[in-house]
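Next comes just one chain, in structure tokens: the form predicted alone.
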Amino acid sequence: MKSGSRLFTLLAVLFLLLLQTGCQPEGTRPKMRIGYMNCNNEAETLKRFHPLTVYLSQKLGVDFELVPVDTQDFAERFAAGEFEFTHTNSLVYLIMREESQVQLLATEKRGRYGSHTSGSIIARKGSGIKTLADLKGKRMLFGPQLAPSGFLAQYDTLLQGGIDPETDIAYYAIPSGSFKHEKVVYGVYFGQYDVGAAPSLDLELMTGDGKIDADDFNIIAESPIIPYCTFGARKGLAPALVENFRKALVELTEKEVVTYAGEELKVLASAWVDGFETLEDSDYDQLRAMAKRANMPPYQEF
């Protein structure tokens, strides 16, 4: 073989290896988008998930763009093809599964329940509200309507306990603006509402951060546990890419760092995540049952 041919062959092999390892020359890597659901606000979403997006780009050899998306718009924008991968709460995952056949990749782990979470119904200690029956005629504050552990889980818990929120609760509301879950907790603490629908994880985190004292509240009820925030992928993407994306998530450890904006950051810590776990779609059946009983998307009947 001539030396020129050998050189060409070596360069070709090297290029293929670079493609496989995610080290493609600048400007040659494919570009894709990851839609991240805004939890509290867009600024927080960008700060939390930029390092994770950089990590995934490096591991997969794809230039991923972080796209912050409001919760109520997420399923519609995904169906319109605005992004290839998704990070949402578990209820929005169910909506996209039903409407767009999104593929389940991995579930976020955080707090005492790991890849799962629950919803709690709380009242201020000393209020005299101790059971679900005591909620009749009271004022209640819920989290966002598409929040599985801030609205749906509690709404279903009330129904299962013989309380119809539409007729037995004197008045209920959802806070406006950012940080809705914290507003629920503070709304109960400061007496603006008698009862609140708070994610159990938020109570855990706020207590750990010293924002509240667990002794200030009665936990009236806690729902069964349901899957936490979930990564998904558009149907029809290359199977190898989807599997590598999932693998990159579940193999991510607390030691992994990336450089972003000139700073070395721990990926999981930046995202406020303990890790990721592979679940089956059937693990979401408890949440499906809740949504059906509460006549919530994607199973609502008018």
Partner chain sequence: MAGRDRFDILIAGGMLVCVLTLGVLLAGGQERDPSTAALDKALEQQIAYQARIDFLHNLYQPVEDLRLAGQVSAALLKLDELARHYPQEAHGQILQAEILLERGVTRESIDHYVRALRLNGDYVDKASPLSRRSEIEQLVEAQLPVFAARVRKNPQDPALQKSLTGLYYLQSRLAGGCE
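Residue numbers count along the first chain shown, from 1. Keep in mind that what you see is a predicted model, and the values were worked out from it rather than measured.
If you look for the form predicted in complex with the partner chain, you will not find it shown, but the lines that follow are about it.
**Report entry** Triplet Ala79, Thr157 and Gln300 all within 4.5 Å of the partner chain in the predicted bound form via a heavy atom
**Finding:** Not a single residue of the candidate spot has a heavy atom within 4.5 Å of the partner chain in the predicted bound form.
Query - Tyr189, heavy atom within 4.5 angstroms of the partner chain in the predicted bound form - result: Tyr189: no, not in contact with the partner chain in the predicted bound form.
Query raised in the report: Given that the partner is absent here, does Glu277 sit within 4.5 Å of the partner chain in the predicted bound form, heavy atoms only?
Result: Residue-level check for Glu277: yes, a contact with the partner chain.
Requested in this report: Look up in the predicted bound form whether Gly177 has a non-hydrogen atom within 4.5 angstroms of the partner chain, and give yes or no.
Outcome: Because no heavy atom of Gly177 falls inside 4.5 Å of the partner chain in the predicted bound form, the answer is no.
Report task. Find out whether any non-hydrogen atom of Glu204 is located within 4.5 angstroms of the partner chain in the predicted bound form, and reply yes or no. Result -> Glu204: contacts the partner chain in the predicted bound form.
Query raised in the report: Of the residues Leu46, Ala269, Val250, Ala238, which one places a heavy atom within 4.5 Å of the partner chain in the predicted bound form?
Result: Going through each option in turn, the one that passes is Val250.
Query raised in the report: Which residue, Ala173, Ala214, Ala133, Ala170, has a heavy atom that falls within 4.5 Å of the partner chain in the predicted bound form?
Result: Filtering the options by heavy-atom distance leaves Ala214.
Query raised in the report: Going by heavy atoms within 4.5 Å, which of 162-170, 139-147, 217-225, 90-98 lines up against the partner chain in the predicted bound form?
Result: Result for this chain: 217-225.
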